[in-house]
Structure formats: structure tokens, C-alpha cells
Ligand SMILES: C[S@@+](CC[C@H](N)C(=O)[O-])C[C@H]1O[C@@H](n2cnc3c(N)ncnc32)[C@H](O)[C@@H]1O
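Single chain ahead, written as C-alpha cells, the form predicted alone.
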């Protein structure tokens, strides 16, 4: 089994809107297209499709569906991702984009770097991310976008500037997200002012060009908890990828974007958001596991046995990690149970999920989810390994499929 980078975020980087902002856990547009094309409804009833992605991340499913002219509804609990998805799925006017480009190019060329009293986001250990000189350059561009255009919102074309700025923050940082945890280079890089402005324009211009290609389908995006989908709607297809039960949280990678763009103001806020999310493990989300109580009495015995083994394997953290795994699947059970209320007859669901390992004990995500789906009266349940993950041996990603009558 290969690692299949063509099924990961790497495949999206040079594919128009899909490359606007990377998120390492994201899956590729190629995988979404393959799932769609393998569905018997796709060829015969394509335009009638109503697709749902309850863990939308960077809207890969939604934008692919809209490129096919389909209707798609997205959910995410992270307000930054909801904002980003709304801009990514927006249709723009060419004349407006041309005016934006012309003004920004002129402004950036004449912009002078701030040398004192510049604003910085309240990130802990920010000096690990950027050198002082780079921070001054980033803050200058941040100040320019804020004062000349405005803060991030859900409507205006200038939000593309904020997405380009978020990319700029990562590309000038000393952080590395190319593996399951964040690491930092030994030293931050000093980026000269001109190189920073050139990089900003180099990021922005391809984004503007790709924004000129309009989407023919309709994408609706909600900020909400995927355990309790609260908006009316019936769907015939679900394509999604929840977090995995492996203690790797989206908030880790999104943190710099969210601080710079005003979606986070403290580490406490980050922890609260992670606690609300399925699989969250940042800050208080970990400590609260010690007092968390299981809500469902129908979790598979294989899951409970695995959690008991994890708890017994480490006297210091075993109990917390076992609670983490149990809570993850307890939350997913709630999600699947509620999902049934939003599915049309014979609807198909497609979940991309990975297994994990704690203290040598494997959490067989595919088998556990299959058993939960059977308990909840789903049918035609199957799972297929789609790729080996770039990590330890025997860690895979699965496509878990089922239907609901």
C-alpha cells in the first residue's frame, strides 16, 4: 500500500481555489472526484444531487461539488474555517478583481515598512515563528489591509488579501507542518522588506486569477457542531473527513492564521474551541478529559477493550488517553445518530478516517465505525484502505462507506 500523496493536500496546491490555503489533514480533490464518480447516482442524476460535508475543513468537498454544478452544504465548528470556506466558494466579478489588483500593486510598491509601534498578534512565543524584522514587515502589510480595506468579513472581494496574507505568514515562518506535529527551525529567517512584499504579490496574483473562474453549483456554509446538525435539509450523499483519533488537532496548524486575522485572542480561546470540536486536544481540552462522562451505552465492545488496554499501559497518561479515544467515538456515535435525520432514502455516506496507536495498542477506527453504523441501522457498510499514512507502520487511511434506507 502506497502513501498516495495524490490523495492529500499536496495534490491541491496548484489546482486553482483548492490551493489557496493549505491544511495538512485535508484530502485531495482527486479523491472527492473518485468518490463521486463511483456513486451510481452521479451518472444518472448528477444535477439532482444534494451533498453534505459536516466536517468541511477547507471546503474541498464543497468546491469540487460546485465545480460539477451540484448543491453542497458544509459545516465546521471553527469560525476561521467557516470564513475561509465562504470566500473560497464565492463567485467574483472580473472587473472588481482587476480593480483590486491594480490598486494593491500600486499601494504595495509605495508602502513603507513600519519601524515602531506596530501591532503584533498575542501569540505565545511568537519569536519562535518569525524574526523581529519579519514581524515588522508582516505587521505593516496587516496594517495596510486593515486600514485601506477592512477586517475579514463574509462578502467583499478584498478578503482575498487576507487569505494571501495568511499564506504569507506561514511561508515566512520558521514552522514546519509537513508531519503530524509542529516543529520549528533552529533559527528564524530574516526576510527583507522587498522580499516580503514580492512574496505577498506572488501569492495574491494566482489567487486573483483562479477566482475569475466561477462555480456553477451552490455552496451553503454553516458554523455549527457536526454532532447536532441543526439546519433543515435532506441529503443523498455525504463526503467528509472528520478528525482522526490521534491527538492531532486542526487548531494547531490554524493557530497563526486565526491570531493574525482576529479569530483568536488567547490560548484559552483556542482550548475552548478544541474542547467543542470532535477530537480536540489543545489546552483545557486535554485536562477536561479527566472529568468527562460517556454519553452512549452502545459503544462497541472492541473499543472499550482497546481503551482498557490503553489505560493499563501507562500509569501517568494512560487514563487520559483512554478517555480521549472513548470520547472521540462517543462524539462520532452522536454524530451518526443525528445524521440519520438529514438523509434521503438510500443516501450514501463516505467517511475518510484513519486509525491510530497508543502505547502499542491500535485503535481500529474502521472496525469500530463499522460496528457503530450497524448499531444505528445503516446498511451496505464497507471499508477500504486508500493509502498508507506518512507515519508509523500499520497506520492507514480508510474510506468507510454505507447507505441509509
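Nothing here was measured: the structure is a model prediction, and the numbers come from that model. Residue numbers count along the first chain shown, from 1.
Form predicted in complex with the named molecule: not shown, discussed below.
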item	value
Contacting member of 321, 204, 77, 89, with respect to the named molecule in the predicted complex [4.5 Å, heavy atom]	77
Single option in 272, 156, 225, 311 placed near the named molecule in the predicted complex, where near means a heavy atom within 4.5 Å	225
In the predicted complex, segment of 107 to 115, 126 to 134, 188 to 196, 234 to 242 with a heavy atom within 4.5 Å of the named molecule	234 to 242
Contact label in the predicted complex: residue 395 to the named molecule, heavy atom within 4.5 Å	no
Distance check, residue 57 to the named molecule in the predicted complex, heavy atom within 4.5 Å	yes
Residue 278: touches the named molecule in the predicted complex, heavy atom cutoff 4.5 angstroms	yes
Heavy atom of residue 83 within 4.5 Å of the named molecule in the predicted complex	no
